[in-house]
Each structure stands twice: as structure tokens, then as C-alpha cells.
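Given as C-alpha cells, the chain that follows is alone and in the form predicted on its own.
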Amino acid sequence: MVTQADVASWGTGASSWSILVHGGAGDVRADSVGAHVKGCERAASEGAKVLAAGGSALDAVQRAVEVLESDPLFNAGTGACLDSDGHIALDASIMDGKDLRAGGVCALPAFEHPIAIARRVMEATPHVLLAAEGASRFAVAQGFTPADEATMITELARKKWEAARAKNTIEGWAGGASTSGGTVGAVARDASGHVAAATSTGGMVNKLAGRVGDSPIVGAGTYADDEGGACSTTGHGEAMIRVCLAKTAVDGMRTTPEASARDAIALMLRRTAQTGGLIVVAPDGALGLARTTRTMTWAARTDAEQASGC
């Protein structure tokens, strides 16, 4: 039984610009951890290039998440898990702390970069969230090309789905074992003082068709506000929706980012008995993370340092 005492956390100090990415909370197999950390390091490095060149936090988190969506190790984009019908159904959201604009897609069929479509929802429509076939039609109208689903389904994703079907279970990453990573996300603060967050996922293995988790839900899986900070979450989506985890973490950023992350994930554990993790960035660029799972791969870059781990 996981207890509040088992919450692991990490944090760093203020920076003129900073970015922190995660590769999903769960129980990544020991011989796979190194590859997952390297995947997060690549994503953080790409986001850092945007920030070091004077780019926006919004561009940085989108770029970092796109790198992870293209990496078949993770449960987002290519490599995403399959639903009960054997299909990919993608969820993603992005939020700009400057003016609280946000965009998301959910139950989206196969597209290479759902996070890019989520941003287009934010910028090209008066809406925040588009779902399923409507989201797909919007994406095509905006110039995005649907992917061949077969090319995005990995052998491991197929095997995990077949195993879950055989047991008639729905399997996620909180409280269980994962050898394929999990939900991915990024938070960043740019040199102009703006923060942003982005999250992308394939959800749970063998989830009911049409199931939507926390990742595309503003306030649950993703939240950004220049006055409080930004957060991206990973883990048991239904529990995160119930406690509005991302918004809870940002609202709690009156202490350090590390303490805010630790307190928010401990609250979810106490109130729902479900596990997961989250990453946060404060308005001054300080970073923090916390998890109640055995692993959550991550990587961080700032104007002065870099770090990574699980």
C-alpha cells in the first residue's frame, strides 16, 4: 500500500528560463529506465533550444512533447496504447499562462502530433476541447494529415492490449507495471516570464472506447497561469479529474514548486487512493516534481544547469 511517506520529489531554484518534461509515472522495468530517461533528455534539450533562442514557453512545451510523441517508448502518439476496440485514441492539451488560453483534443484517431492539433484548437477556434471525429475533421481542415494507424501501433502496444483483453482488464500506469512509458508532458518558463504546460497520452490499455482521461482536461491534466505557475500530470486520470490535480498544484505554489507538487500528489493519494505524478514550474522559473509511483522518468534544462532521473 502506497502511503504519503512514499511520495518522492525533486526541485530546483529560480532561472531566467527553464523546462521540465516527464515520460509518465508508473513502474518502468529496470532495464528500460535508461532509454526512457534519454528520451526525456532529448525532449528537454529540444525545448531548451527554443527557450535559449528567446522563444516562448508555449513553443518550447509543444516542441518537447512532439519529440516524445514521436518516440515509440512512450504512451503518446507513436507507441500509444490501444482501446477496447484495438484502436489508438489520443488525448492532448496545451495552455498558455500569459492569458489562460488553452486547447485540447480527446479520443482523437491516429495523427502524428496531437499536441500540435490541440494548439490549433486554442488558436483557430473559440473552443477549448474538440473530441473524436469532430477533432479529426477539424485537424484535416487545418492541414494536418491523418496517420496510417498501423504505423503508429508498436508491437509492444499490441502485446499489452492482447494481454489485457485476455484478462478482461483495463490497465493503466498508476498502481501497476509499465514497460512502455506513459503519458508525456512538459512545463516551461521563458525569458519574458511567461509559463506554459502541455500533456499528451494514449490513455489506458484496453480502455473503453470513448474513454477520456485527465490529459486533455484543463485543470486536471494541464494548467498554466503566469500568476501561479504551470503543471502537467501523469497517472490515474480519473483520480486527477476528481481532484483537479493540475490546478490544485498551481494554486498551491505559495511554497516551493517541489513542496507544491508533493502536497498535491499526496492529496490525490489520500482522497482517492490512486497514484501518479506531476511536474511544475513556478513564475520565477523554479522547477519541481513529485510521484507516488516507483518511477517517473524526467529531464530538466535551465539557463544554468541540467538534470534528469526517474
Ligand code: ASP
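This structure is a prediction, so every number in the text was calculated from the model and none was measured. We number the residues from 1 along the sequence you see.
One more form of this protein should be noted, the form predicted together with aspartic acid (ASP), which is absent from this view; the next part is about it.
Aspartic acid (ASP) is not drawn, but in the predicted complex it has no heavy atom within 4.5 Å of G77. Although the partner is absent here, L73 lies well away from aspartic acid (ASP) in the predicted complex, with no heavy atom inside 4.5 Å. Taking non-hydrogen atoms only, R189 never approaches aspartic acid (ASP) to within 4.5 angstroms in the predicted complex. The shortest heavy atom separation between H87 and aspartic acid (ASP) in the predicted complex exceeds 4.5 Å. The stretch among 137-145, 118-126, 230-238, 156-164 whose residues place heavy atoms within 4.5 Å of aspartic acid (ASP) in the predicted complex is 230-238. Of the residues in 211-227, those that come within 4.5 Å of aspartic acid (ASP) in the predicted complex through at least one heavy atom are, in sequence order, R211, G213, D214, S215.
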